[in-house]
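One chain comes next, on its own, written as structure tokens: the form predicted alone.
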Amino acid sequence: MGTTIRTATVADVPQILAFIRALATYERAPDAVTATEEGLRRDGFGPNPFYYCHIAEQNGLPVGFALYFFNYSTWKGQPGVYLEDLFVQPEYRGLGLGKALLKRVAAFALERGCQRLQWEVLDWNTPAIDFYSAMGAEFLDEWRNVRLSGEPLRRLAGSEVKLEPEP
């Protein structure tokens, strides 16, 4: 059978969550995952999905995934794709599955008129940094990632927006 890259289906939700948890463990944050199957089903497989996902299979066995969504560059005036997660089970690395997943996401972006694909990588993840460098990825070290969530987000929104509390 070999390698297959396919679009995830709603039946893949338990596997997607398992990949997310495995990635969190690899990234040294195993307790950080609060995602649920219900949330992944709702947000990725409804009429207006918030994310898209591809599954890598080796000989019919799911062994990796790429999860991504659209963003927009105001400077370019064009849509782009943000790769949230790219993960291949450790025992299947080195077989070209990560590159095949990334190629599929790049093709998805171009098919939809996007001019940019971007993502983040942890500064200690040398294997991933080397992998991305080999493909010609540009590292934007001068930019800082910024996040507002939980109580600070609710505080900023004030009473103008009713947000669901975090679990």
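No experiment lies behind these values; they were computed from the predicted model shown. Numbers follow the displayed sequence, beginning with 1.
Omitted here: the form predicted in complex with another copy of the chain. The next part is about that form.
Trainee: Decide whether Ala24 counts as a contact residue for another copy of the chain in the model of the complex under a heavy atom distance cut-off of 4.5 Å.
Mentor: Residue-level check for Ala24: yes, a contact with another copy of the chain.
Trainee: With the partner left out of view, is Ile55 within 4.5 angstroms of another copy of the chain in the model of the complex by any non-hydrogen atom?
Mentor: Output for Ile55 is no: heavy atoms all beyond 4.5 Å of another copy of the chain.
Trainee: Give a yes/no on whether Gly150 approaches another copy of the chain to within 4.5 Å in the model of the complex, heavy atoms considered.
Mentor: Gly150: yes, in contact with another copy of the chain in the model of the complex.
Trainee: When the contact criterion is heavy atoms within 4.5 Å, does Val88 count as touching another copy of the chain in the model of the complex?
Mentor: No, Val88 stays farther than 4.5 Å from another copy of the chain in the model of the complex.
Trainee: Using a 4.5 Å cut-off on heavy atoms, what residues in 71-107 are near another copy of the chain in the model of the complex?
Mentor: Contacting residues: Asn71, Tyr72, Ser73, Thr74, Trp75, Lys76, Gly77, Gln78, Pro79, Glu84, Asp85, Tyr92, Gly94, Leu95, Gly96, Leu97, Lys99, Ala100, Leu102, Lys103, Ala106, Ala107.
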